[in-house]
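One chain follows as structure tokens, the form predicted alone.
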């Protein structure tokens, strides 16, 4: 086996490229969650410097649901099964 190849047959450049794409995906996902849940849950007339209890609960539920759906989609895509 070539010393520059991983057990999966990828060289260091390919591995770093994959890791970079994964990081870009995670940053994009974080930004989407932040934007979506903020717009859904936080009143755009800022009255307080902290989230109130309703905004905090909404944000928690929103992020949780977003992660659940993202994980479900990832599992379905990874398994090759279609939900319909």
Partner chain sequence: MDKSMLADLESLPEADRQRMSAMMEQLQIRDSLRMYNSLVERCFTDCVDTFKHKSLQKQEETCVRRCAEKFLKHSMRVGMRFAELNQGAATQD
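Numbering follows the first chain given and starts at 1. Just so we're on the same page, rigid core means the largest C-alpha set that superposes within 1.5 Å between forms. Treat the numbers as computed from the prediction; the structure is a model and nothing was measured.
The same protein also exists as the form predicted together with its partner chain; that form is not shown, yet it is the one meant from here on.
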- Note on the structure: Of the residues spanning 20 to 38, the ones with some heavy atom within 4.5 Å of its partner chain in the predicted bound form are 20, 21, 22, 23, 24, 25, 26, 27, 28, 29, 30, 31, 32, 33, 34, 35, 36, 37, 38
- Query: By the 2 angstroms cut-off, has the C-alpha of residue 28 moved between this form and the one not shown once the rigid core is superposed?
  - Reply: no
- Task: Establish whether a shift of 2 Å or more occurs at the C-alpha of residue 58 between this form and the one not shown, with the two forms superposed on the rigid core.
- Result: no
